[in-house]
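One chain comes next, on its own, written out as structure tokens in the form predicted alone.
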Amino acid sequence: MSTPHSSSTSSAPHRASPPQIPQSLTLAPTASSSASPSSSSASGMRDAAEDDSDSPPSQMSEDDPGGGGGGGGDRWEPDLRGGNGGAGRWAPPDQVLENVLESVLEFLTAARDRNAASLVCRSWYRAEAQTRRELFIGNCYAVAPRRAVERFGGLRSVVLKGKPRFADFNLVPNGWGAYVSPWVAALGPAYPRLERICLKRMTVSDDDLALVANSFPLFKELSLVCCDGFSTLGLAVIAERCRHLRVLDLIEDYVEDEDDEMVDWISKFPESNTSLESLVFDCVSVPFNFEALEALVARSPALRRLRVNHHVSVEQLRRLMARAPQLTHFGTGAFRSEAAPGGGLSVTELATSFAASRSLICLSGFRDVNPEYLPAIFPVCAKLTSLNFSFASLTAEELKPVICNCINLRTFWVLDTVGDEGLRAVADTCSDLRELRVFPLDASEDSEGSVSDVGLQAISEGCRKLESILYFCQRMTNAAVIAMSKNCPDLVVFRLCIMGRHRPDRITGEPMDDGFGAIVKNCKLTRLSVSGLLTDKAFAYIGKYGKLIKTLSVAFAGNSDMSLQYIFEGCTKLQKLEVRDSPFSDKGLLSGLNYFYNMRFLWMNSCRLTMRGCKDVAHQMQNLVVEVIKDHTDEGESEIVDKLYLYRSLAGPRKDAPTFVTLL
């Protein structure tokens, strides 16, 4: 139903008769590791929000692996004489042309262009593989590690994604899979010059991290997003052995540490000056050695991004800021004093520290905020382009004095506790806002909710440059959505999550069909999330006007299988379809048979599917992997299918499926 570009896939669509030349794997985005937006958030809702952020590779956007392909490592130089080390023997003309082609392809950076080039002919296929430096695989089961290693010989950067996105909502049972071990084992011997690994929703053990540290002597960047399975022991190995480390980003991970097993991992970094540019560990909930962190920050002159966990008080925060005035992105930790009432750091003293941080453009954290300290950030507000309050339960009165100073804000994340009044203050000040995310304090279906159509309409009137919005609420109207479609024509991401099931227009009582119809008609959306009381009419609009939609999430919506048929037939660029708690049956599933090969995956949860319908799909589309997933508590065989995960794969059915997963 829910998060910060066109999707690239790990393999191109299968056809009825396979092509002679294997389809291209997808290239990873190229972006500076130091150019990052604000941090991720707390709950599964926030995990999901990371998916489509216009963000650097450490956050691994699902919607656009984007450009990139020639970076990371020394430039490759062709040998036009046939590779004999200049021994006087010249290559035949075809070999010379292939070497020249490889030299030209070094300058081809866009993922889509590289994929197209690899399909021209066999020589282009080989040349593109030899010059590719960055590899993006959107599903770790879509291709075998051995196949990727055999094709690409000079990779410097690898991005891997594992579990389905609905794992962020605890809809994928624990132990489902997405183990990184076979990938690390294959990458180690093949790419000794690998510099960067980004993993998202994968299970990573301490042994995996040790193997990474030991296999790649030039390793520089590790980003783990929504991963689990590792502890501070693994982090200590990375810190100690990766002597060239520039980026260590831990974003919304679950770090499995018991109190008696904690390791002082911060102190394992080199005692000399480090190359660190980014250190993010706000999700590591266990305490750490603050003195070691302070010393590390002091000997890391290149550090630009630092996000600390909730064990850091404002007194400690001030010490860190004094050590690193060059920071551009800062996660503040708890943002409250550790001293007794009346004896803590004064607001004026903290404000002086912020005033000295002249490079700050992004603030996040505020995990246990004391609102009395918020005026301390006033000196930097005018320079901020990104502000994340998604952990801070602020009221409108507490938000207003801050937000009225943020005149250059482009990205803003906030909890719905600010209410419609707080959103109106945002609209009055932040005319240049491009991305807004409003998360719920209480995500239950029967919660009251503090924001509504009133806040959405205010945002649409004041923030007309908006390009992306995620909005959780309980009450909405067609009029507010229609107003946003007219006032914000640049929208490419619209995710309206009405948490209560089948909620109609709160004023008219009508379905929300016209609102969603207007948003797909008037905006060139690439990502859409729909919810509320919707009929087949809304999905007919989506199929008719949503020609650019690549990711579609549906929750508690639709009234017949025609809804799915409209989507499959109309959304010709659809890559990812997620459906939960909707009345779609086998008939709707089978209406997509002609379209599944063109999609990366289909996820259906708590619909009206049967084992027979899923088997029909598996029988007719044998190059797709069809997984039926049961909860751990389910016993015996059942004709009703609770969870279906369908994806294309060059590797065939996986070998590590647990007992609660049936591969058809």
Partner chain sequence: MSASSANSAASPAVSGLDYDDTALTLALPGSSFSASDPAADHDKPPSPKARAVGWPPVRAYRRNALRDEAKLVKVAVDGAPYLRKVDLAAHDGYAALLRALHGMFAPCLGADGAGRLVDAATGAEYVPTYEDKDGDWMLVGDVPFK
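Numbering follows the first chain given and starts at 1. None of the values given here were measured: they were computed from a predicted structure.
Beyond what is shown, the protein has a form predicted together with its partner chain; the following relates to that form.
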* To do: Pick the stretch from 387-395, 315-323, 111-119, 153-161 whose residues have a heavy atom within 4.5 Å of its partner chain in the model of the complex.
  => 387-395
* Structure fact -> Checked 592, 177, 504, 145 for heavy atoms within 4.5 Å of its partner chain in the model of the complex; positive is 504
* Structure fact -> Of 360, 186, 211, 443, the only residue with a heavy atom within 4.5 Å of its partner chain in the model of the complex is 443
* Does the trio 136, 602 and 630 actually contact its partner chain in the model of the complex, every residue with a heavy atom within 4.5 Å? -> no
* Contact of residue 510 with its partner chain in the model of the complex (heavy atom, 4.5 Å) -> yes
* Asked: Can residue 170 be called a contact residue for its partner chain in the model of the complex at 4.5 Å between heavy atoms?
  -> yes
* Asked: Should residue 329 be counted as a contact of its partner chain in the model of the complex, where contact means heavy atoms within 4.5 Å?
  -> no
* Taking 4.5 angstroms as the cut-off for heavy atoms, does residue 128 touch its partner chain in the model of the complex? -> no
* Relative to its partner chain in the model of the complex, which residues of 274-297 have a heavy atom no more than 4.5 Å away? -> 282, 283
